[in-house]
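Below sits a lone chain in structure tokens, taken as the form predicted on its own.
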Amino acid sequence: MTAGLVFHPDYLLHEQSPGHPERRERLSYTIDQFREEGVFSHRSIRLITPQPASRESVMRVHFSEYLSFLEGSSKTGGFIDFDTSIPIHLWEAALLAAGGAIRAADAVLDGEVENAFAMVRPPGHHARPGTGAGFCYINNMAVMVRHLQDRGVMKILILDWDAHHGDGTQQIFYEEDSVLFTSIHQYPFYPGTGSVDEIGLRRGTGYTANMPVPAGTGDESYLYLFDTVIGPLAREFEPDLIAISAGQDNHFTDPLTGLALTARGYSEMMRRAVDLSRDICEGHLVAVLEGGYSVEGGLPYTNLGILAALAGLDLSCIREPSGFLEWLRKVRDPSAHRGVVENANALRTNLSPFWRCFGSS
């Protein structure tokens, strides 16, 4: 099998400020790691160069007035919120990120690769139709999903495993039954949304599944949620493609969050997703990078683990350097799993009227 890696050197250019968490080192350290591991010459990985998304494609998600604001502010600099300024040339950077997600989807649909990882920045899942937030400007995932729908993909499952709830993506698809939005995220936490009671609206009722987890949650709980919630939902929904908002800020070294996922945990979760996609949608899977701010201790290893799982490589060597393990012991809370199970049970109860796998008749 061949996995596509979508990347462009210009993804290293976007910068709000040198000390901002969402800075170019998020990818530059990963690229160094990939070179060291021989990723770019591996026969099971194909490097794919993206083009910027068109204005028309992002208008399938965002209001024209908002896009004009972004474009205009990108010429002089601007401001959305305390965490999300608009640096000069942001417009070009945001279109290239959205274009990377689209290119990954096309590569999978056209049979160039079995699956793909769009390693893009800036991220997108907090962006709503009329505004950006949380380091996000254009919702790359939503733009990609609309593009897939335009190409005739009827049903899409989104799995957002970023530590921060993908409120923008949820809002965009909240009233639709052709997109099943699922999310594992730290809660309570920014942006404050993502409770088990948010299950969709109107014809989309039952097509949003939030799995909030407490601080200290680790690998065991993420794999439990994949096996007991995501997998059963996916098999009943039978999507034509699985789209993953791959936020890497669940890693135990991340400076902005309080979770305890490891690189090996990430790779095992992606392996499950790949196996699921082969079972139900001919292996069609696209992952799009979202957050992740541990530029040295986390991202190089989590991104490598994800790509290795997509390419079907041996995952036994995916691990963090030994010097970080004491950090993991301090962050991980074994008691957190009880809260994960309780929330999952509550979610299954809320969704049971809509899904046979959770007890509907």
Partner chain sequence: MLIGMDVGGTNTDVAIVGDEIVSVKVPNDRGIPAALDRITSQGRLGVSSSQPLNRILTGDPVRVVTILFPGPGLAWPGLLKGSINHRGDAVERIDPDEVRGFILENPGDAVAIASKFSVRNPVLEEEATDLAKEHYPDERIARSAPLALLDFPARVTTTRLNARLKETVCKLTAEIGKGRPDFFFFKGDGGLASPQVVRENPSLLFNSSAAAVALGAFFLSREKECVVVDIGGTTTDLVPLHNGSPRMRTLISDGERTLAETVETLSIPFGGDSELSGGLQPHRMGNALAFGGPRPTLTDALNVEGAEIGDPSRSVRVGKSEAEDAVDRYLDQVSYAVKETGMDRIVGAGFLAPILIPRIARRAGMRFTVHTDSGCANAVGVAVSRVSLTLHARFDSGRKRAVLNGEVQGLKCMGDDDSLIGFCREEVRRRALAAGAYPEDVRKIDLVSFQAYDVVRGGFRAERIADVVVRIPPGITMEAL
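Numbering follows the first chain given and starts at 1. Nothing here was measured: the structure is a model prediction, and the numbers come from that model.
Another form exists, predicted together with its partner chain; not displayed. Remarks below refer to it.
**Student:** Using heavy atoms only and a 4.5 Å cut-off, decide whether all three of Pro18, Arg23 and Arg319 touch its partner chain in the predicted bound form.
**Tutor:** Answer is yes for this spot.
**Student:** Quick check on Glu56: any heavy atom within 4.5 Å of its partner chain in the predicted bound form?
**Tutor:** Heavy-atom contact with its partner chain at 4.5 Å: absent for Glu56.
**Student:** If you check in the predicted bound form, is Arg35 within 4.5 Å of its partner chain, heavy atoms only?
**Tutor:** Arg35: yes, in contact with its partner chain in the predicted bound form.
**Student:** Taking its partner chain as it sits in the predicted bound form, is Glu296 near enough to touch it, meaning that at least one heavy atom pair lies within 4.5 angstroms?
**Tutor:** Although its partner chain is absent here, Glu296 would touch it in the predicted bound form, with heavy atoms inside 4.5 Å.
**Student:** Contact with its partner chain in the predicted bound form for Pro300, defined as at least one heavy atom pair within 4.5 Å: yes or no?
**Tutor:** Yes, contact at 4.5 Å.
**Student:** Given a 4.5 Å cut-off on heavy atoms, tell me which of 63 to 71, 48 to 56, 327 to 335, 305 to 313 is the interface stretch with its partner chain in the predicted bound form.
**Tutor:** Checking each option against the 4.5 Å cut-off leaves 305 to 313.
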